[in-house]
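Consider the single chain below, provided in structure tokens and representing the form predicted alone.
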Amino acid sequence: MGKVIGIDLGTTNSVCAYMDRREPVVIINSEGGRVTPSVVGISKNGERFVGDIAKRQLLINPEATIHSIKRFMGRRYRDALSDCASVQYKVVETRNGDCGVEVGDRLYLPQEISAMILQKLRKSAEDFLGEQVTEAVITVPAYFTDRQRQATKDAGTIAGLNVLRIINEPTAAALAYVHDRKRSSTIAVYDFGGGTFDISLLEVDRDLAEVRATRGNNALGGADIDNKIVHWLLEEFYKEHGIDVSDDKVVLQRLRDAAERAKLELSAAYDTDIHLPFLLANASGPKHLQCTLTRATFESLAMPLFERTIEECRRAMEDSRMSPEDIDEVILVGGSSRIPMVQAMVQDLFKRPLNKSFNPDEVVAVGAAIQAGILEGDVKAVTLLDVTNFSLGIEVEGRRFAKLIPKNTTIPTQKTQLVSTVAENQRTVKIHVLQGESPDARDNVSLGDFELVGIPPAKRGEPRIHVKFAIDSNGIVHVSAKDSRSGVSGEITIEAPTGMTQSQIEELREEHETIHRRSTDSHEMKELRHQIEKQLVSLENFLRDNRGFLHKKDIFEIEQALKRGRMALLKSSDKTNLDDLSMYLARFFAHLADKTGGGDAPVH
């Protein structure tokens, strides 16, 4: 088995890492960076760009540049409408009611876009390690539903990765924290990222990490803070010019880019100047935007969002029956946790020093790498006792939701509930499995259903049907039902379907592998052509500098070699032919250099 990598698939940026013996190492991408923007650009001919190169085209082609795709993973379109308004690309409803992204005449599923990012990370890891990578541990927000987790796993499969485990981001951060530690403590992991927020309370020991409670919001992150600044900039522009530019997608992307930069600068400065020349042009001439955003104004704009994270922290402590005095340390995770006001509010709540020993952008990937190392057997096993992030139960009479396993229950676990019929002589009972917190079944997430058929006729409420829920350590839900009188039984394993069949996943995986091979071949061809071009230039320079010392035969051979090389670059698209030409030019140049006693032969 090759190296298993750990991946933090983030809303804004993604990071991957691996274990080098007992030490986690962050993998450097092809651009030389430690983080890769979670941005995908698609050209008119379908070519795909991922990372920094895609982020750079956001300003000029926002409709074909996809960011923050994590917010649409495994979600129903009707539940994601508020997030659709914050992106410039077109989010549409698929046939089965899920979210999709439309670019040109092609529909992409969020899993497919995420797979492009994962494929970029996988390629970076393979280049960095010098070996093939096929297995990974991927992290998700603690408050992701089962559908969102399965969508993430599907994305990994499409990218050609065997996802060994999906773990919660705060739990991964805690793993990084307890790695090689000698003492026990109770910690709070405050994870405020680009698109999601989580708070997890854990009790950690040298070989045990037990989650006591987790809360969060999958639609609360740094992107929402940026939106607050964008709205403020729109108002400032309207005050100065009397023009509403909120429908111009290119203008909105420039404002969003400026908002993100301003947010980052205000973590160190007390004010920042925002200057956007030629933001718009009309009959009266070009219109510019120039204003100053102070930290005080920024904090007042974003304060409602900050307060929502603090309220989630309070609820997590209530769920775990803990108080701030029970918390020993607070770990900050996610880029938005760098905001000074956020840090002040978190410290004021917990009355504890904030642990800033980890890079908040990298700590989750480091924890995922440690989990990967545990699975490989290279790292001492740490037992992870996670919890259910939502309650699980069934639909009962009156379309009510009956909880069988409450949220924040330690897994693995199991629970049995006694149910019966609601009509006289009822022969069939439908077991509808739900996830959520609402007492109304319709407001919760449906995980699946099955029917218990062949129940003997009896009065309403007389049959005794035992419904058993079991959740394993990987979070897979198994539900079974049995009629105690007749022995009739049925069961279902909830794999959290995301609207994609196994054949669709496999088809997309093969498509991505094909595109990846073509991209790799294209890159190799470009490098080979560049190499031959350099060899020909060197040969031309050699001929110019040594013409007076060469025999006519040598000059003729050089000119023929140059002609052959130029024609091959112009007409040949066969890699083998070009590779042979490059080798020939290298040998020919070396032969000439030996004859003349000078010149530097280009290295093949």
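Model, not experiment: these values are computed from the prediction. Start at 1 and count along the sequence shown; that's the residue number.
Absent from the display: the form predicted together with a small molecule. The rest refers to it.
- When the small molecule is considered in the model of the complex, only one residue from Asn227, Thr410, Ser267, Asn217 comes within 4.5 Å through any heavy atom, namely Ser267.
- Listed residues Pro141, Gly373, Gly156, Gly222 were compared with the small molecule in the model of the complex; Gly222 is the one with a heavy atom within 4.5 Å.
- Heavy atoms within 4.5 Å of the small molecule in the model of the complex map, among the stretches 234-242, 434-442, 170-178, 186-194, onto 186-194 alone.
- Within 4.5 Å of any heavy atom of the small molecule in the model of the complex lies no heavy atom of Leu452.
- Although the partner is absent here, Ser582 sits far enough away that none of its heavy atoms falls within 4.5 Å of the small molecule in the model of the complex.
- Residue contact with the small molecule in the model of the complex: Ile339 places a heavy atom within 4.5 Å of it.
- Under a 4.5 angstroms non-hydrogen atom cutoff, the small molecule in the model of the complex lacks Arg122 among its neighbouring residues.
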